[in-house]
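As structure tokens, one chain now follows by itself in the form predicted alone.
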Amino acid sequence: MKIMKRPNILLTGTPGVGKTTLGKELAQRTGLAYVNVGDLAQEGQLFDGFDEEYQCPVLDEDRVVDELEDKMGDGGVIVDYHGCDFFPERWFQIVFVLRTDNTNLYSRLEGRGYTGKKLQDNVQCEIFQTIYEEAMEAYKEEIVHQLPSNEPEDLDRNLEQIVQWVEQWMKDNN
């Protein structure tokens, strides 16, 4: 197994919590590579059908894992996706679950054109901490952290905290 010089980070949470905004900015500040799994899947057509109920393609998780395997082994990757339990546990040194108040989330998702069942189910997913629980079951408890993502100040605080963590990890592991 290769020794990684830079950590892999998973940013996860319900759609609309701010993963992409945080991930792109974090990549700029740290020099880590940024991978949005939705974009990766779109580019490589890594789908396994279409979900009529939610009106979206169904991700082929095995093909996504195959696509990312080599890159993840090298380290230095920020992965952004709303699901987290299909990625191999060995990939990540830390997992951040972004959390947003329901009223904020509802407004953000409405702004993206979410309606009906899709809107309700995603807000309920946040209320019931579904992604956080998934992360706690899929990864070691000590590497899973929740971060608030409601206001611009939260983004700044989260960036600062994660940048410091990355710098410390690199000192400790190089």
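Heads up: residue numbers just count along the shown sequence, starting at 1. None of these values were measured; they are calculated from a predicted model.
What comes next is about the form predicted together with adenosine-5'-diphosphate (ADP), which does not appear here.
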Quick check: superpose the C-alphas round the site, drop in adenosine-5'-diphosphate (ADP) from its position in the predicted complex, and tell me whether this chain leaves it open or blocked (blocked if 3+ atoms sit within 2.4 Å of backbone or C-beta). open
In the predicted complex, is there a heavy atom of adenosine-5'-diphosphate (ADP) that lies within 4.5 Å of any heavy atom of E25, even though the partner is absent here? no
adenosine-5'-diphosphate (ADP) contact in the predicted complex: R108, any heavy atom under 4.5 Å: yes
Within 4.5 Å, heavy atoms only: does I9 come near adenosine-5'-diphosphate (ADP) in the predicted complex? no
Heavy atom of E151 within 4.5 Å of adenosine-5'-diphosphate (ADP) in the predicted complex: yes
Let me know the one among K117, K140, R29, R112 whose heavy atoms come within 4.5 Å of adenosine-5'-diphosphate (ADP) in the predicted complex, would you? R112
Of 128 to 136, 143 to 151, 46 to 54, 66 to 74, the segment with heavy atoms within 4.5 Å of adenosine-5'-diphosphate (ADP) in the predicted complex is residues 143 to 151
With the partner left out here, which residues of 11 to 38 have a non-hydrogen atom within 4.5 Å of adenosine-5'-diphosphate (ADP) in the predicted complex? T14, P15, G16, V17, G18, K19, T20, T21
